[in-house]
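First, one chain by itself in structure tokens, the form predicted alone.
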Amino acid sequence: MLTKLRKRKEPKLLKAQNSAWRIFRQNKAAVVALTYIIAVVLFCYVGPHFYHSNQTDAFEGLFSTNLPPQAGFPLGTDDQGFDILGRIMYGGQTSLEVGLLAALVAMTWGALYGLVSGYRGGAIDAVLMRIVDALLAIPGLFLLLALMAVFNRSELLLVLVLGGTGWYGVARLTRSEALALRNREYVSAVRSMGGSNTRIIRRHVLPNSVSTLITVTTFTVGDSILALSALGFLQLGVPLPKTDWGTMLNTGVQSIQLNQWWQVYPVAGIFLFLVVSFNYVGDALRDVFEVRLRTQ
């Protein structure tokens, strides 16, 4: 009997997966964006195994600084003698790791906060949402600068600061999902059978909000990488000897006036296209999880 049930479920699951991939594939821009994201990840993490460069000490002395692209240095060197191609890989690892971890922090806290607020409703919901409104009234960059000025810089602090200031939109979206789900028939049935609020949120409200959370996660990752780059550009990024794309831009922008374009354009193009790619993928995932677009 169990075997027959499994056989019945498997074709439905495969059909849903094929339908989701077909909907995603119809968005050509999202497919290109996803390919680009995968390429950047491979470039940052696999590339250093094939292209070796010293990214902790300037190794050629003053005579290797500000070299234009040439044999041995495909993207030239910066004002400290670091190979820029290797530097982009090295900084990309930090930017991706901090961005992903910060998005995870924002999604975890924002989802928990929004689900509790939306499910409980009433005075609790009103108080929790007014707190979010008050935090949204504070310019995000100013709040980031204030926190970074108070505490010593570290990768962990950057993750906590970016995640701790990036959950407001997540909380509002999950709250709206919880408000729509808390009065559904199956939730009322569980409640009438004595199911606790914690169980209802964990087993019914949260699983039915996963589609929204996955979609928002892609936008949050892009926003976190962009915020980290802004902090790095303001010299508040990761501490030396590590670097990130924003710190590289801060270093390179001083050289652009001397027509040393190789210190700005490559890294700026890579990270800007990456942020835009995450947004395109997020738009496509929203269509994939939209029930009205699925074929039965």
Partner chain sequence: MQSVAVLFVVSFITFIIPAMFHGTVARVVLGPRATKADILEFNHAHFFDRSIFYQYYRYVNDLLHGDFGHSVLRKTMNKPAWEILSPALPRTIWLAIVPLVIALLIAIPLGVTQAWRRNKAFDYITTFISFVLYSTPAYLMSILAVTVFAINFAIFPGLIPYPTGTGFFDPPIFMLKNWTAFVLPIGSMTLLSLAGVARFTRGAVLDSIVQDYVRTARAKGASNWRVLSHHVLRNALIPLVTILGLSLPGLFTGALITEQVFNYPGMGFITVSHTLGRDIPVVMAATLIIAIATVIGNLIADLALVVVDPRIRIASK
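Numbering follows the first chain given and starts at 1. None of the values given here were measured: they were computed from a predicted structure.
FYI, the form predicted in complex with its partner chain isn't displayed, but the following is about it.
Taking heavy atoms and a 4.5 Å cut-off, does residue 21 contact its partner chain in the predicted bound form? Contact check for residue 21: no, nothing within 4.5 Å of its partner chain in the predicted bound form.
Any non-hydrogen atom of residue 121 within 4.5 angstroms of its partner chain in the predicted bound form: Flag for residue 121 set to no.
With the cut-off set at 4.5 Å between non-hydrogen atoms, does residue 41 touch its partner chain in the predicted bound form? Contact check for residue 41: no, nothing within 4.5 Å of its partner chain in the predicted bound form.
Is there a heavy atom of residue 235 lying 4.5 Å or less from a heavy atom of its partner chain in the predicted bound form? Answer yes; at least one heavy atom of residue 235 falls within 4.5 Å of its partner chain in the predicted bound form.
Identify which of 160, 147, 200, 104 has a heavy atom within 4.5 Å of its partner chain in the predicted bound form; exactly one of them does. By the 4.5 Å criterion, the partner-contacting residue is 147.
Just one of 134, 156, 189, 210 has a heavy atom within 4.5 angstroms of its partner chain in the predicted bound form, so which one? The option sitting close enough to the partner is 134.
Interface stretch in the predicted bound form with its partner chain - options 175 to 183, 134 to 142, 210 to 218, 89 to 97, non-hydrogen atom within 4.5 Å: Looking at the partner contacts, the answer comes out as 134 to 142.
Residues 116, 117 and 171 are flagged as a possible site; in the predicted bound form, is every one of them within 4.5 Å of its partner chain by some non-hydrogen atom? No, none of the three is in contact.
Pick out the residues of 267 to 288 whose heavy atoms come within 4.5 Å of its partner chain in the predicted bound form. Going through 267 to 288 in order - heavy atoms within 4.5 Å of its partner chain in the predicted bound form - the hits are 268, 271, 272, 273, 275, 276, 279, 280, 283.
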